[in-house]
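Below you will find one chain, with nothing else, as structure tokens; this is the form predicted alone, and questions on how it binds or moves follow later.
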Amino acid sequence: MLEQQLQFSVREEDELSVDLIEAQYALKNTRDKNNAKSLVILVSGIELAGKGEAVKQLREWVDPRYLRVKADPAHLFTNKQTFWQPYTRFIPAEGQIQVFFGNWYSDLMATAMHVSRPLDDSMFDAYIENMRAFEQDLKNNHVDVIKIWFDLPWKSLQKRLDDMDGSEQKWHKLFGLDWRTKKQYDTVQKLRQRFTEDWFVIDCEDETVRDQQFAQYILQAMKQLPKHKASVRTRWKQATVPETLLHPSTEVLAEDDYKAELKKLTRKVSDALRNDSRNVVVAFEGMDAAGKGGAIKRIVKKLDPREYEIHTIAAPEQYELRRPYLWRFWTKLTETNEITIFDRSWYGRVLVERIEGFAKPAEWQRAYDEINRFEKDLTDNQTVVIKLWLAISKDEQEARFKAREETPHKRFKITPDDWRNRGRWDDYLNAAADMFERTSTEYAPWHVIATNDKYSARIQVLKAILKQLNAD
């Protein structure tokens, strides 16, 4: 096992504290710069090894105002929540430090040791692989992750249990284990050795060494402030634009036929959404004025407003730009929101942010894989991800823009930016083609609805939803 180690020697506390505070403020001051990052510290280990004491001591050595600590009991994994969902709201912004005292690895251990049918080795290892991929995505988005395991030999643990005040025993029930049982201790050690090869492991026999070693690991992590990668070495291979985007259908659905079909399908869609045991996420993308708002109105027509949530996604706020770009979508997906609709979505990274230069090439080019992992995590945890691209022709868009300008209650829908974006029409087609090729997956396929007829588009949207819910 190749656990991480650093050169280490006990230092004068005042000197160490000065270094920690200087590094802490240097990290804080990177905000909005090209070397900005935040720091996530995952703390796990054997009970009574001194995790809490080490975190407490660290807080005394640094400026405590800028060291956040989140302490949670274990969250047992469920089939309707990803392992990262309990934590993403607390992912720190640039310049911030967050300690997770209890984290997704703690949850994995608790689940492995407590479910009625324990996780087998392959499933346990699959979780670890997925967690590391998530952590790599965080690092790519300038959230450094440092993982520290506090270890304690069996005999030392027993001695500390003997010396512990009885009133404290209720606070020492990590994973709900009986730490007097050697078999359970050995199980914990066996399980953690499956994932701690990229962790710092601290031998906690000596409390002074433990606290210093923990602090120095954090100090090293704070000092590492490399500039963000902006360019890529490989040449981008552009996908072919689908013919349907170049020539959307011009067939017109008769109004009477539309109304009859709409009445039937809106009821069918509401029943399918309401009665599906899974969470449902619907993401709309497409050209401006292609009819996303009108389609959404028809989806929710027969639903109670309490049954769904609609998020209209605009340009990110500054506080959102200081976190991973998926953060503002992670935090909108909660276990209680069973039906969530996005008018624009996380695909802005590979569409408008790519085209307008808001995302660097390295950022938008790696975003396809990040998005695929995000959607795979959702679909693996009882969430249906329905992705709809609404396409119209350039001439049809111009006609709709002019109609909006001439309609008093629709003028708010048209802005100078909408007209300006028409100059990038071909760029959007190319970006859409790349997006389809790289993110239309078996578990979350794209539904491309290309028609200049609003009635036809709305009907096709409803049918696509029913198809993916297996309710057509």
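Owing to the predicted nature of the structure, the values given are computational and were not obtained by experimental measurement. Residue numbers here begin at 1 and follow the sequence given.
Another form exists, predicted together with a further copy of the same chain; not displayed. Remarks below refer to it.
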Do residue 227 and a further copy of the same chain come within 4.5 Å of each other in the predicted complex, heavy atoms counted?
no
Residue contact check: residue 362 to a further copy of the same chain in the predicted complex, 4.5 Å heavy atom
no
So in the predicted complex, is a further copy of the same chain close enough to residue 18 to count as touching (4.5 Å, heavy atoms)?
yes
Partner proximity in the predicted complex: residue 236 to a further copy of the same chain, non-hydrogen atom cutoff 4.5 Å
no
Taking the partner as it appears in the predicted complex, which of 404-412, 427-435, 33-41, 442-450 has residues with heavy atoms within 4.5 Å of a further copy of the same chain?
404-412
Looking at a further copy of the same chain in the predicted complex, is some heavy atom of each of 198, 396 and 400 within 4.5 Å of it?
no
Assert contact residue (a further copy of the same chain, in the predicted complex, non-hydrogen atom within 4.5 Å, options 159, 302, 373, 80) equals 302
Select from the listed residues 259, 274, 132, 194 the one whose heavy atoms reach within 4.5 Å of a further copy of the same chain in the predicted complex.
274
